[in-house]
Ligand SMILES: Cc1cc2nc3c(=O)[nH]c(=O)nc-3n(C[C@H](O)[C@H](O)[C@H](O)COP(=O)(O)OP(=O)(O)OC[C@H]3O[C@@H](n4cnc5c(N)ncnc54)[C@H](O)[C@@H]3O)c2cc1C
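The chain below stands alone, shown as structure tokens; this is the form predicted on its own.
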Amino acid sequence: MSDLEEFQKEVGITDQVAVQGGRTHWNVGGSLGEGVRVVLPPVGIDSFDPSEMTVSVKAGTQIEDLNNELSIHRQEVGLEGTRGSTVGGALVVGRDSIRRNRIGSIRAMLLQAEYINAQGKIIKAGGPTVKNVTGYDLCRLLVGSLGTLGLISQVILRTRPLPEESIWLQGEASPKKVREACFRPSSLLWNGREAFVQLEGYGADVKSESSKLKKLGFQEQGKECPIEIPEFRHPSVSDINLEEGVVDVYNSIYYSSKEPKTLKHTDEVLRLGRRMREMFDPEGRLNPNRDPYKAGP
């Protein structure tokens, strides 16, 4: 019996069930409640084709382990998370990296997904190549769903070349001045006083871009982000208190140590979400009590 078939058998067809990854975002969207059975996803890298820049990997594989393997061929996937975060967990939470300006969105990285539906069947959505665009983009609907539409077992992801050089710089300049000086930094963070800029790419390009920032008074801070990014994410709005956090300028996300209030959605959006969930899981078996619309930005 294959790992996928074993996982299918564990999920079953009757009781309420949830998948446990690294538990790094376990309560996002609400807690499961009592009586929900928890299963573990399969782990391992199935195949990696450096020339095609795609990797087939099981959902329980830790992101760190995956990127360590890909780095041998100077490649990476655009998934990030704290230590222990898994591929499947990052996908169902669906949060883009602060490096999105370089590596793209998490949805664009997912090419194919195999998952177990609420009836216990194995479903394959998407295609193994970047050019495969036939039919509905069902696999990307799973991104950000918190496992309420299906329990991901295995995915095919597109990879990207590792940057030749990567540095952070810090300086007292507005985001507007940074954007005027640099062509598409990987990250741009702003705390109301200082900007924190990540430059990545070919060494000569990074050197050229960093020299422009240094003329504005920026200082190099090494390869790691020079500030600790707070835990909670909020939509970036005009009246936020920057003394309490930092803004990811390109993602329009405000990071703060304060828990966000429940986001307000229109009745139409909520109704569409309920209909979608009822179509995929009419009996409410998968990750019950979790609501993607309460997960924040």
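Counting begins at 1, following the sequence as shown. This one's a predicted model, so the numbers in the text were calculated from it and none came from an experiment.
Not on display, but discussed next: the form predicted in complex with the named molecule.
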Looking in the model of the complex, is the named molecule within 4.5 Å of a heavy atom from each of Gln20, Ile152 and Asn287? yes
May I ask you to check whether Gly89 falls inside a 4.5 Å heavy atom distance of the named molecule in the model of the complex? yes
Against the named molecule in the model of the complex, would Glu209 count as a contact residue? Criterion: heavy atoms within 4.5 Å. no
Exercise: Gly78 in contact with the named molecule in the model of the complex, heavy atom 4.5 Å: yes
How about Glu200 - does it come within 4.5 Å of the named molecule in the model of the complex, if we only consider non-hydrogen atoms? no
Please identify, from 258-266, 242-250, 57-65, 44-52, the stretch that has a heavy atom within 4.5 Å of the named molecule in the model of the complex. 57-65
Proximity to the named molecule in the model of the complex, single hit among Asn117, Asn191, Ser85, Gln170 (heavy atom within 4.5 Å): Ser85
Heavy atom within 4.5 Å of the named molecule in the model of the complex, from candidates Val93, Cys139, Leu213, Ile156, belongs to Val93
